[in-house]
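What follows is a single chain, given as structure tokens, in the form predicted on its own.
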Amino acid sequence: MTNKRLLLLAVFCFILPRLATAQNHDVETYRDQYRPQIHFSPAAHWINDPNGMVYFNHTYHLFFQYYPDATVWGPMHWGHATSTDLVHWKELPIALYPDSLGYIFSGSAVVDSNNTSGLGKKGKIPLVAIFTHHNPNGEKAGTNNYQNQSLAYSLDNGITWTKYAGNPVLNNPGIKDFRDPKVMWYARQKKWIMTLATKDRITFYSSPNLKKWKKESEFGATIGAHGGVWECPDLFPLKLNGKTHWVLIVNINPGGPNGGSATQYFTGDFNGSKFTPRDTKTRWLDYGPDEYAGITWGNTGSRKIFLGWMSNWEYANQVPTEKWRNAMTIPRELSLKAVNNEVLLASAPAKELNALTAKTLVLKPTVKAGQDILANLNKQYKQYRFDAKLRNKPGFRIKLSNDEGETMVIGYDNKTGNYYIDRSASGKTDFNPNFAKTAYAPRLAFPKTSDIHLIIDASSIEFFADGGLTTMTAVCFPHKPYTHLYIEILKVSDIVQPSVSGLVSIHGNK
């Protein structure tokens, strides 16, 4: 037999089967119990806050707080994943490791198009990450300056990163919680603006070059919710009816509307130095128990795409997954809406998710109480979405259930004006006493016909109502998928255009 034939035989008998095994192993990684099929989760180990979210060269970068040695929180690294469509993600090697200055806590990344930092070389545009160095030794010693802001940069489209030799670039003035820098370019004054979480408020800094920072102002000491430390802020403009408004996102833990972690926001004006809110009301971007640390992608123009961590610090280390722990929400597009002379922030599933739609069933307008809406949807789709419009918004209950009798109930009580998610019988709930309680959210607008949207994955529910003015996210751990859906309304004539759509797994599974 010739050497060429021996080589071909080796390919077919030895190499190709192992390639197939590796590919099958990839798919198998994402088939474990509770594994999200339409949300980003790491192949293994612990994940929390999204970090460094930036769009560059037709690629969305998602960095995240990551501990590669366990499924509980530990010394933080920056994990890394990329996507060209906001739906399918490729997990890459760890981008940033802890070093002598500390763990790598949360932060952001920017495209330094004009090379203001001087970190670009040979005409290459630098991506610059701005993050918090958290020194555990200083924390153990009881000091109050163990969190400082540092830089890293990439000259190969975000694949590899080099830490700046002059770190840290912003030293702690003596504030225990001094972290989570979100940086943006303020074109009007040709400077960078850093929005930084500083214990119980936000502090704004500016810089011409990302290296030298000057304090501009503070916001929030006596405004908003203060049940816990302010964390993971974001500042960006959005237009409403041709007018620019500024949105300031502030994550808080604890102190959320349903306990534990949550994301509040303010609308107002920003002049390059100071943020001025329209009013002093406390508002929540997501009222559910399981959206936290959410921020937006940078460098996406006028479009603002939001992503949050889908968990809650009350039980994030205890949820009953084995190889991995926690995931991200679906990407959401943010917009402003005027309601009763108020400017409110609305959320909607990003349009890119439509690419996962495999089959849509438009249901009869007269859906009967007790009818299983999923009965005619191929059971291969374990993840799906339900969409409908309700006329006059009667009280309703949507019940998701499985063959084990476990249920999630999403509803609206027209007497109290509250939406709710009840996961008391949703599956495994005994890992934390606070997990099973019902979460509530107010209705903020009352159109004659309003929309509701539900996105159901293996271990989560995301609910959007009234044009996304009320949003609720909740994780759940059923022993089997919810393959039954029932809706109960006051009058069958009140439901309009109901539909259910099967969603294809982003991992190649059904």
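Each residue number is its position in the shown sequence, starting from 1. What you are looking at is a predicted structure, and each value in this text was computed from that prediction instead of being measured.
Just so you know, the form predicted together with a small molecule exists too; it's not on screen, but the next bit is about it.
The stretch from 281-289, 71-79, 407-415, 344-352 that comes within 4.5 Å of the small molecule in the predicted bound form, counting heavy atoms only, is 71-79. Between the options 192, 105, 161, 381, the residue in contact with the small molecule in the predicted bound form by a heavy atom within 4.5 angstroms is 105.
Of the candidates 470, 37, 459, 65, 65 is the one whose heavy atoms come within 4.5 Å of the small molecule in the predicted bound form; the others do not.
Although the partner is absent here, residue 393 is not a contact residue: none of its heavy atoms lies within 4.5 angstroms of the small molecule in the predicted bound form. Under a 4.5 angstroms non-hydrogen atom cutoff, the small molecule in the predicted bound form lacks residue 41 among its neighbouring residues. The shortest heavy atom separation between residue 231 and the small molecule in the predicted bound form is within 4.5 Å.
Within 4.5 Å of some heavy atom of the small molecule in the predicted bound form lies at least one heavy atom of residue 179.
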